[in-house]
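Quick heads-up: it's one chain on its own, the form predicted alone, in structure tokens.
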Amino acid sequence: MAINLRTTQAETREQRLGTITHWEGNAGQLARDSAHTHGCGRGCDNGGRRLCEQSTPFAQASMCAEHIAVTNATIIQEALVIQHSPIGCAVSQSSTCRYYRDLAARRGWKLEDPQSICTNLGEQDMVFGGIAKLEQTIREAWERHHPKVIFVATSCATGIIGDDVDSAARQLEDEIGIPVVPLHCEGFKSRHWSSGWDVIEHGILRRLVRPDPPRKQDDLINVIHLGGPDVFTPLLAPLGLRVNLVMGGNTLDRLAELSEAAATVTMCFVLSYLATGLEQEYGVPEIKAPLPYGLADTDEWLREIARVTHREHLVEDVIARERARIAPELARLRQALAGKRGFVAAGAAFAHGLLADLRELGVEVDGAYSFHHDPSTDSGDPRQDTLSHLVETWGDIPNYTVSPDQHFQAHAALLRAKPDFVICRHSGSMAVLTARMGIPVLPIFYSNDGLGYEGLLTIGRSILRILPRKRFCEDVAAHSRFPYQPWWLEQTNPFALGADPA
């Protein structure tokens, strides 16, 4: 389905991709049913059928699409974010500030707090509307900070009362003379927070990408990632490519240059919206290859980049050199990890990549926990079907749970898997849950860990570092209590409540 940039609102992932947040079974079955849903031509009839989503009568909590959109707008340099919301929605800015300052220290930016303001909607605003307060806030934001762009993020509250944020943004943009970009990210619009990525990428595509690039830069490649250090330049510089690292903190100049690049790669297909939009609107080809987790897929990822950017004559030497460099340590890691049982809890494509890394390292994995599942990507290209690729390359995952970070379900999945260690991303609370169950845990904050040849070693080293914490975690478990009934503490089916309501 084509991305529609004529509207200010991005379609939710449920609308575009058929995203689900509850499922239980084996990974192979989910991959087959996903293919049928979108008629991808992978041996299934193109009539398609709906991917059946399981249900549960109980939910604890999860993240919010507004948080994702606001965080990634806030960490854009020279930008200011206005949250048109009650003050409670702005509490996430404390963690965003820490995130921004960490990025600034790593990348050599000026160390300062990001700029964000909340309109602080109250009861009167919920009755009579908050547009006047929003207009006043935009003017004061300009007078105080003089940013180069202002993002206006909506909230559940403004979605309920129906404030016309788009009209206010257009009016104030004409008045102050800089882009005022609405971000429609009401939390109730989508069942999964990953739609927040689409919201900020939609705003970037519509307003911040240079529409008529003066030139094409044949040696520039866009790398869309979730944040963290630049692990891509060491891989791509030998091919004569410069990296335009976007998302996870950017300058406005970097975002403007997106349309000038020779190609775009994304490090997680949750971010495919921006890459697909760049190809559709600006003719920047998206690299359609498996994500670079494990040796073979990293090889193919580099070969496809070389093919699209016309550097085939360089790539085989790069692959051979990197494989030879990591071979001795990789052999030692495989020997040290032989017989260990792992478990992964992370977002969809990222979970698939980490599972591939673990099996490349010789770790046994028969259970995983994904926070959502997309039956398709925005490009619709089967080469970006990471779950099917994982199953075809490394074999099935017998116990594959899809759940939006519900701890009562994660407890059951972990009790069933009995892993020696857990790798988790996105959820710090998931790491706490795991440790309280007596299991060593490797929490990954920056998603670049695990990518490429060096990433494979990084994951292996990190696992060996946490395994000796087993005794400590067992001590923690001995003094921990969970707020569940005794019968649930023995449950190993995450969806038992839906299977048997009694």
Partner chain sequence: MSPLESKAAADGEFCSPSGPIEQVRYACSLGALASVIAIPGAIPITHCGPGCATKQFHALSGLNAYQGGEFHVPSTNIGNREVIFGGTDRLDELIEATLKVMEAGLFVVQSGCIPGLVGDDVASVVNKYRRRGVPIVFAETSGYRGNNFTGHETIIRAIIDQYVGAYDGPREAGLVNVWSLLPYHNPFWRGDLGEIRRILEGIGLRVNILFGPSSEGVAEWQAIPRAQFNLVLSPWLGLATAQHLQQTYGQPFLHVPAIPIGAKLTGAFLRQVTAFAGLDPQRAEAFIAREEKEYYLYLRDFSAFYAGCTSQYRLPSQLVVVSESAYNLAVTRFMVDQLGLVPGRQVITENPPQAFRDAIRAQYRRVADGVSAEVDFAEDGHLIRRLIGETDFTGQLPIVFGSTWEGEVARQLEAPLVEIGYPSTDEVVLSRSYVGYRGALALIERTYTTVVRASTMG
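Since this is a predicted model, take the numbers as computed values, not measurements. Positions refer to the first chain, counted from 1.
There is also a form predicted together with the partner chain; it is not shown, and the following applies to it.
Here the chain stands by itself, but in the predicted complex one stretch of 172-180, 363-371, 387-395, 130-138, 130-138, has heavy atoms within 4.5 Å of the partner chain. Proximity of Asn244 to the partner chain in the predicted complex: non-hydrogen atoms within 4.5 Å are absent; the residue sits far from the partner.
By the criterion of a heavy atom within 4.5 Å, Ile117 is counted among the residues contacting the partner chain in the predicted complex. Interface residue remark: Cys64 is counted as part of the site for the partner chain in the predicted complex, having a heavy atom within 4.5 Å. Using a 4.5 Å cutoff between non-hydrogen atoms, Ser259 does not count as a contact of the partner chain in the predicted complex. Listed residues Ile326, Ala431, Ile319, Cys97 were compared with the partner chain in the predicted complex; Cys97 is the one with a heavy atom within 4.5 Å.
The contact with the partner chain in the predicted complex, taken as any heavy atom within 4.5 Å, belongs to Leu111 out of Leu111, Ala331, Ala338, Ala237. Here the marked residues Ala59, Cys156 and Gly187 all reach the partner chain in the predicted complex, each with a heavy atom within 4.5 angstroms. Along 71-107, these residues reach a heavy atom to within 4.5 Å of the partner chain in the predicted complex: Gln83, Pro86, Ile87, Gly88, Cys89, Ala90, Val91, Ser92, Gln93, Ser94, Ser95, Cys97, Arg98, Arg101.
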